[in-house]
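Here's a solo chain for you in C-alpha cells, the form predicted on its own.
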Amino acid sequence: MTNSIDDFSDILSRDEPLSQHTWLKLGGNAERFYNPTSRDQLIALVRCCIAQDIPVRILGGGSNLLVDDRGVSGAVIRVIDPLLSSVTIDGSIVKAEGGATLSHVVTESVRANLAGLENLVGIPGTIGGAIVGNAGGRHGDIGEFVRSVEVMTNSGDIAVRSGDELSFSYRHSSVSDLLVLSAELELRPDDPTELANRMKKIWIMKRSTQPLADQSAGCIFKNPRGLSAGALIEQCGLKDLSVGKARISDRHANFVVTEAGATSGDVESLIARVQSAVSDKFGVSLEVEIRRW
C-alpha cells in the first residue's frame, strides 16, 4: 500500500516557527513540519514526499543552522531523540542511530571505557549531523572513528556506506545522502580514570573559551588551513561587533550570539562584514561552516 501525504497529518504542524527549533532562535516558518515517532513512519514519510515531489529537509538538533527569515517551503522532518535515538555497544563497536544526540553517544562510550569520542564533549547536535559535517575540534574529528553509515538516499533507498565510500576531511564528509539512519563507530579501550580526566579537561577548556551560556550556533566560519578564524576576526577588531540583535561574541570571535528579536538578516550582515574585513586585512577568504536554509 502506498501512503498519501494526508496519511501523516497526525504528525504534521503547518507553518511551524523554525526559530523554536534552532540554537540561534531565528528564521521563518516551515510550510510543513513533521515529527515522526518511529523509524518505519519516518521512512514511509520520506518516500511519500519523494514520490510527490515535495522537497525534504532533515532537522536534527538545529545547532549548526541559519534559517532564512522568509522560511522554508516543502517538508521539514525532525529527526532527534526520542526518534532514532538508540545507542548500543558491543566490544569496541558503538552503534548509534542518527537521531541520538552526540553528547549521549560520547557519554555512553566513555561509560564503556572506550576512547576517541571524549574529544567531542560539548559539541551539540545529533550523531547524524556530526558525521555529515565531520564534527570535531583541536583534539580530533568524528570521521576517524566511523566504520559504516546506514543512510536513506535522495531517491528513498536504504544503503550502507563503508570502506572506500566513506571519506572525511575538515568539517566535511562524503555522506551527502538525505538522511543518516545509523552509524557504527570503532573506538579503543582505555583506562577509565584517564578517559574521564581527559574529557573533563577538554570540557573545562571549552567552557572557559566559548560562549556556551549564550544563544549561538557553534563556529560560524571554518578555520583556513593553518590559521584560526577566531584569531583573524579578533585581529580585525571585530569582537563584540553587532548588527541588529546579533553580535560577534566577546568570548570567542568565531561565534555569533543572538538576542530576542534577531533576524537571520542580522547574522548574514555580520557574516558579510567579517568576511570583508578579514579579506581586506589578511587576503584570506573565510568559508562559512554553518549550514543555511
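Don't overthink the numbering: it's just position in the shown sequence, from 1. Treat the numbers as computed from the prediction; the structure is a model and nothing was measured.
There is another form of the same protein, the form predicted in complex with a small molecule; it is not shown, and what comes next is about it.
A residue is said to contact a partner when one of its heavy atoms sits within 4.5 Å of a partner heavy atom; Glu289 meets this definition for the small molecule in the model of the complex.
Contact check for Ala231: a heavy atom falls within 4.5 Å of the small molecule in the model of the complex. Using a 4.5 angstroms limit between non-hydrogen atoms, Met205 touches the small molecule in the model of the complex. The closest non-hydrogen atom of Phe33 lies beyond 4.5 Å of the small molecule in the model of the complex. Between 157-165, 190-198, 133-141, 95-103, the stretch whose residues reach within 4.5 angstroms of the small molecule in the model of the complex through a non-hydrogen atom is 133-141. Site annotation in the model of the complex: the residue of Arg39, Lys239, Arg47, Arg57 reaching within 4.5 Å of the small molecule with a heavy atom is Lys239. With the partner omitted here, the residue from Asn223, Thr107, Ser174, Ser148 that has a non-hydrogen atom within 4.5 angstroms of the small molecule in the model of the complex is Asn223.
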